[in-house]
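Two versions of one and the same chain are coming, encoded as structure tokens; call them structure 1 and structure 2.
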Structure 1
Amino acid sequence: MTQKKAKKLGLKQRYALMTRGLDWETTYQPMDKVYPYDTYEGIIINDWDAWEDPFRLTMDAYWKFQSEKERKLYAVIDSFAQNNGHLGITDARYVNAIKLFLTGVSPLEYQASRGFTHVGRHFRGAGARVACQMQAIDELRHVQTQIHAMSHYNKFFDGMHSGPYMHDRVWYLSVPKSFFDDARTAGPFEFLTAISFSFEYVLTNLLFVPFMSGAAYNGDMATVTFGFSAQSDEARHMTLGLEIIKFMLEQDERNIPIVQRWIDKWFWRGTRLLALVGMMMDYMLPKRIMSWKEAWEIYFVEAGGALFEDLSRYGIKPPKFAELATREAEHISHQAWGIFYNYTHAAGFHTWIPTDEELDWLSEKYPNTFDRYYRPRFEYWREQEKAGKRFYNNTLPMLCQVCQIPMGFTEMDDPGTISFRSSTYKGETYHSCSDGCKEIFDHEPEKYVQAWLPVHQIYQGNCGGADIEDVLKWYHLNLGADNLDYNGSPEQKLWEEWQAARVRAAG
């Protein structure tokens, strides 16, 4: 046989064939009516064909690699469940980080899928539409695999039974929810800057890389596997995010100030959101690999520094409040944990005072701040708890109109003073937690005055009733099981029984 094997197409040819010439110029309707949203933000695109996915991924290769990823992931999820993997984690406290992930982060994957489906429809360039289509499918895969992986924990642990309701209703989950609502209600180019660039490129490393490595360190094979499987898609999304920014900047110099404003806005929105992740890393991983501050140094100061230096050739400056955010990395996780410790009776997970060993680790990792500002607070609360007076804050906090976080963060130069800003719009006063959030409000007040603020909604009687019990019922939370301190929780009791059984079995 001398049959000659057909030569495979090269990457570039394949990409050109599979992403170009798939679209057409409309004839009986003007293009502007078919694509009504891709011009009103002021972004000028002269040549849509200049859009190129650096990975040159095409649909045929996409299905091949994604199905391989799924096969690997589901093999691990199945064996984790079959082998009772939950017994192998370091400590049941760890699962509380997973609850926060399932209710706070996984629904964002779904929001991202909806967002990319929408903007994919509304770009008139075929390359951009193909990229958005793949990402929309990726994001759907992420929410599904996360729910599948965590369903095993849901059989044994509390607080994971009603994720979608919780995401829509629970007070602290309005922080991630409003972040994506804000992005999805923006124009398509702002959505890409918010999600593809600021969130995926600049910030998600901090969520999916060190935290997932931490999950592995704590014996959680299911989470690390879905985390890294999702992150293998994120690596592609990140690359695309950077490409999108460069695409807009290269198309027309009038795009530069618009893009800069979005970078400033979405960097700040993102750092506020990541306060939750800081807390997960510093307080909720029983075995820790790096502190929030160390992760911030590696993934924002170092990696972000190189990135923004690269973008400086287009006239782009680092995000406006980047320096403030770096100073906050000394404080934010401790302050956030303090807020949740205060309000655990209204939360879907448990909190606790760190052990002595954990407090020492925090002192070592935060030599400038921890012993001075935060250790005394935790030690005081621990004494109160020992005296039978575990402190729960029974007043509702004021929320920032923009990020929706309770206004408990302090001035960074003065950690004894709450950071508090306000603006007046049409005769009403609106409060924000920082210069970053105030600036966002002041630029688009008409948008943010419509914010669904959980505390206001409770006071207006829209959340099931006036008592905490009524509100928890409306949240789909089980009083006495899902909430309150870890010490004394049904979950702690169950975990200790398992450990005792293990000791007995070992003889």
Structure 2
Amino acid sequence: MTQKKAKKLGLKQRYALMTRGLDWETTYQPMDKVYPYDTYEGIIINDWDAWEDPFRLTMDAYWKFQSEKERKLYAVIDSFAQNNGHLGITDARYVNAIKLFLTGVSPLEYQASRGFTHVGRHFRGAGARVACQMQAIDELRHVQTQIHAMSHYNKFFDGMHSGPYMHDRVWYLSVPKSFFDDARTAGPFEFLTAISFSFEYVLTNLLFVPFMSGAAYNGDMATVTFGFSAQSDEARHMTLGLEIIKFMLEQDERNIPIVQRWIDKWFWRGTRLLALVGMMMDYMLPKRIMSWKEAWEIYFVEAGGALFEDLSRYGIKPPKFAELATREAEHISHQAWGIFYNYTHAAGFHTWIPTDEELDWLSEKYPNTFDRYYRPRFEYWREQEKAGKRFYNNTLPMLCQVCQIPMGFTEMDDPGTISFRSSTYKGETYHSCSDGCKEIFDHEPEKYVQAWLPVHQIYQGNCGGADIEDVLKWYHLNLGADNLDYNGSPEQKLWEEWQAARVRAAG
């Protein structure tokens, strides 16, 4: 007797059973008690079944797809390490971009994983829960593969030895950390607007595409391969981000003003965070692909313009401060590098004055502003350094209460004047760096008065002591190795010895 073979399920049936088929209605507890957080933000959902999963991916298909990508990625990472790939990069200065990425961006992947895990629990719609679960796993994979891809550098270069402490304590890393802390302490719909839409859909290309291209151009094949491996995940996340926005907008027209306010807020917070990326592109890559301004034009002005034109049929307008952010693209990378040049003695990576060739490249890319406002500054600092007066700022800067960036950015229409705003709440004065950050503070002052500001914490004696050496030790930085100017650093000396040895070996 032959056993009848079970009929194989079609993709559509399997998807339905493994996602929507896992849904249930509670019986002994009301649904509002089981899912207490998906209504208080004011978002009205009339039909959770209208959620469309962009990729219709089931968990078994997900594991198969990702494991194949993993095999290819780790083959390249192993090859990079076995062949001493760190010797093939253009210049050891490039590794400082890796340090900033690894300490500033990689922990955000883990924060995103925790955030999606949390909000996925709190949606009563099965489609949204499954989508959040998939993305939570993606983000966890990203932090792991980023650390593995770049861990080879940790064997040979300084500043990558204590990521968890640095993420929680170092002053400039509070900028990306506070972005995700803010998102994760918001409601579930605002979290998705912040991360899935504003960050993943509107701004992620500004982070990943130029940085991965820069890695390729500078000989860092391990990081490039990680970027390619993550790109298909990012494409899925971007599509999900757009689906989330459209889902909320199509459910009820009363959702529109709430969503618009979140888009305005998180776009501005994202642009402040990406100031670090602009600095990396214009100053930290020895061989550059494009300027920050060019990347902004391509990935926000052109691509973002088309996106918001599409969303206008729902009543959504471009982010409130988009025009200001576009004007800032002329200035922000230079001003950010100036801040880090001043405070590199308190950072976990090195800075330097660009070479003449690099200054000429910046003049070409920023013909309207660089020679007028920034080149004279860098040339003056270089002269001071040659005279043995390399400048380090030993004062503590005021920080923006919202984005936590030192108040070093200027008014965009007047680059000689520091941009400075203030708000009063319960008799106390709070400072912000821009109209965008002030508006965010004024809408939710009770939230932002609780911000953990690194400079304030130092003044309060919560960071290891009153002297800068005490604070740097509390940061877990190795003084004289991780910090200070690149020129004269142990890293520069070691790099030059390696290159000399390669020349001798080549005959």
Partner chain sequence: MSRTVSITLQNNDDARPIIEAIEEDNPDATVNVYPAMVKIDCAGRLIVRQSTVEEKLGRDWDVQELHLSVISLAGNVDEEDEYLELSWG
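For clarity, a rigid core is taken as the largest C-alpha set superposing within 1.5 Å between two forms. Fair warning: this is a prediction, and the values are worked out from it, not measured in the lab. FYI, numbering is relative to structure 1, first residue = 1.
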Exercise for review: Choose between structure 1 and structure 2: indicate the form predicted alone.
Suggested key: 2
Review point. Comparing between structure 1 and structure 2 on the rigid core: C-alpha of Leu494 shifted by 2 Å or more?
Key: no
Practice item. Could you check whether the CA atom of Ala16 moves 2 Å or more between structure 1 and structure 2, using the rigid core for the fit? Key: yes
